[in-house]
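In structure tokens, the next block holds one chain alone, the form predicted on its own.
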Amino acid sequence: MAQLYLAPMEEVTGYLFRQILEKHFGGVDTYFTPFLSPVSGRSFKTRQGREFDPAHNAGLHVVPQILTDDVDACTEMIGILTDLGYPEINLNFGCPSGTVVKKGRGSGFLRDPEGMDRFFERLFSLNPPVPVSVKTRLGFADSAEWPRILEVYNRYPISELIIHARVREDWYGGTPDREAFAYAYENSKAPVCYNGDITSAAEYGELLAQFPAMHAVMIGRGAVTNPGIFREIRSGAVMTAEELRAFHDDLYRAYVNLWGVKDTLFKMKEIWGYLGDRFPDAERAKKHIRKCRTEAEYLAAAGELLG
């Protein structure tokens, strides 16, 4: 069986989500944090401090993700995170956000293989004290860019290549390009991890049948839609309605205790953007969740679905 990873999803898979997913279902080998964008000479903001506080990740194998094009800021942050006890760092070369891409970061970096080469050459010349993995896409506009990009990755001692099998221009639409992923599977010097549209244990099995020596599989949106997916892959135990309700209630209470009701409603609406896919015929209740402004409205709408 390949290793199982929870993908980093901004505003979704923070430390409270990780803790509660582990408590109710488990099955995750490694949790990746939503990205942090370091600035040279600055430490964490308060919110980032909570996210990377070792006490909030105790008992979990957690890998922080960094998004940057600045080697000095990256190296500084690797040092800070290493001092906190994190055993590995992941670099984000896949985020498709327009504001990120405009700065030449995330998947925006993929337009400049020569710049990527210079970044990695300098980074690894500084001998990072922990393994450095990379989360990437297959290119910016077309997967025909992928062999050139992989050539750059193959020059450096990257510990693992986590590949979202889309290009930036796909965002999260269309069908993942497994043919282009197969090129990495066959030619990457680093172990490879597949990411992209795994939403069930059956789909995981089909993927492993195609790529039997796969090192790892990363699941993001599929794990928010089905928080029990990792356990299901490992044991076949399908999440029940009662388990989903208990997971939701724990998550909701934890968010309220940290942020209060108003901010929690925003957070839960984000979660329901994925979780709502479990209820394709309940558009009225999902609409009520999207429009709710009070705790009572939210709990009534969520209860209608989860009940």
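Position 1 is the first residue in the sequence shown; the rest follow in order. Everything numeric in this text was worked out from a predicted model, so none of it was measured.
Quick note: we don't show the form predicted together with a small molecule, though the next part is all about it.
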Any non-hydrogen atom of F247 within 4.5 angstroms of the small molecule in the model of the complex: no
R221, heavy atom within 4.5 angstroms of the small molecule in the model of the complex: yes
Any non-hydrogen atom of N195 within 4.5 angstroms of the small molecule in the model of the complex: yes
4.5 Å heavy atom contact, S133 to the small molecule in the model of the complex: no
Interface residue in the model of the complex among F52, W272, F35, Y31, criterion: non-hydrogen atom within 4.5 angstroms of the small molecule: F35
Contact stretch among 231 to 239, 139 to 147, 212 to 220, 118 to 126 - heavy atom within 4.5 Å of the small molecule in the model of the complex: 212 to 220
